[in-house]
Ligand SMILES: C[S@@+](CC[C@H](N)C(=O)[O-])C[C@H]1O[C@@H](n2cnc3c(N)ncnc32)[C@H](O)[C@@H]1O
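This document opens with one chain alone, in structure tokens, the form predicted alone.
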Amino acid sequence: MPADRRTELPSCYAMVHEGLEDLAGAEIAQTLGGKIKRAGNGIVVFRLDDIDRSILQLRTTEDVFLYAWGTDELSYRAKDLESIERWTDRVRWDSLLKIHHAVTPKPKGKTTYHFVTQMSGVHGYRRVDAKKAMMRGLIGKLPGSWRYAEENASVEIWLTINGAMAVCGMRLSDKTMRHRSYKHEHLPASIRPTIAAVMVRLAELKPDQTVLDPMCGAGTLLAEAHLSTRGKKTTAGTDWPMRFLGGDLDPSHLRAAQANLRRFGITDLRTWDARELPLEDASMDRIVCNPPFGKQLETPEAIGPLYKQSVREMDRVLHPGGKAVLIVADAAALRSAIERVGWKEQRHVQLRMLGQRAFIGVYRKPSAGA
């Protein structure tokens, strides 16, 4: 690409769950060759040599945007509204629209637009005031023939404020980036696909492995595990040979998993109790799991015993040298269970999802004789 074309390109940014910025940045760098400019507060700002539809293939991000403007120095006072209007007015929105249309083709019929404003933290103005300031800055910037739509708009412009940080941009993704098109059946406690994708990356899958989710719910972790290996080739040029296996205590969960995973050819799904798995010793290479956080159980006190019994079974079926990646809310209860089986913690990640704190632990079962 000519140098002058590269210099014209704006930065991009991704929205991620707080705590996962580094992991999402690693995916952006690895899969897109992106250069990470900064990361924090659930935002990853990056630059690409070219912006095309490949940006929509990211799996650990909730949404991706063309970067219009951003700041880390809001005053929390009403004078911020003047700055928001001024910064928005200075943007070359016509240039962003050209890139947007190249990535997301114009729909048939009249183009529609929508404005979204998110705000967290205590400020001397309301979210609606910030939105109005952004809208004032956009006067005359969008074609007059376009009409405003409350949902499913062709073009969305977002303003996100988190404490002293604000970022504004044009959304490139749609709801399928965060919710995935394969999720036909949903469960209340189902893990977010983007977080499942993070866990799969942490599991570091290799060819010819067996991957287990002993509490599979709607099958999201297994779906993301499968998708992470799709298209990968062995040194002989063949597709990775993989086996994916899941089970759950609740038959309705199994039906949801079957509906979601059928398209991937994942059919080895069984009704079982994760505390007593009908599997051979040392038969699994990787375990990815989202155990109940506690809300699904009758009493919070049941978490400790459940984790100890299920981790003991995971240890039995996990091959020496194998890895397990688990996400929980009660890190202390999980670590207590892990200590009993002697797994080594390789990494842990603390995050927030939907306002709740969570903990991802990455563990390795010591090799025989280690």
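Values in this document were obtained by computation on a predicted structure and should not be read as measured data. Residue positions are given as counts along the sequence shown, with the first one as 1.
We do not show the form predicted together with this ligand, though everything after this point is about it.
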| item | value |
| --- | --- |
| Contact residue in the model of the complex, from Val103, Leu142, Met215, Met165 (heavy atom within 4.5 Å of this ligand) | Met215 |
| Ala149 within 4.5 Å of this ligand in the model of the complex, heavy atoms | no |
| Partner proximity in the model of the complex: Pro291 to this ligand, non-hydrogen atom cutoff 4.5 Å | yes |
| Contact flag, Trp272 vs this ligand in the model of the complex, heavy atom cut 4.5 Å | yes |
| Contact flag, Leu306 vs this ligand in the model of the complex, heavy atom cut 4.5 Å | yes |
| Residue stretch of 67-75, 84-92, 128-136, 182-190 approaching this ligand in the model of the complex, non-hydrogen atom distance within 4.5 Å | 182-190 |
| Residues of stretch 243-273 in contact with this ligand in the model of the complex (4.5 Å, non-hydrogen atom) | Asp248, Leu249, Asp250, His253, Trp272, Asp273 |
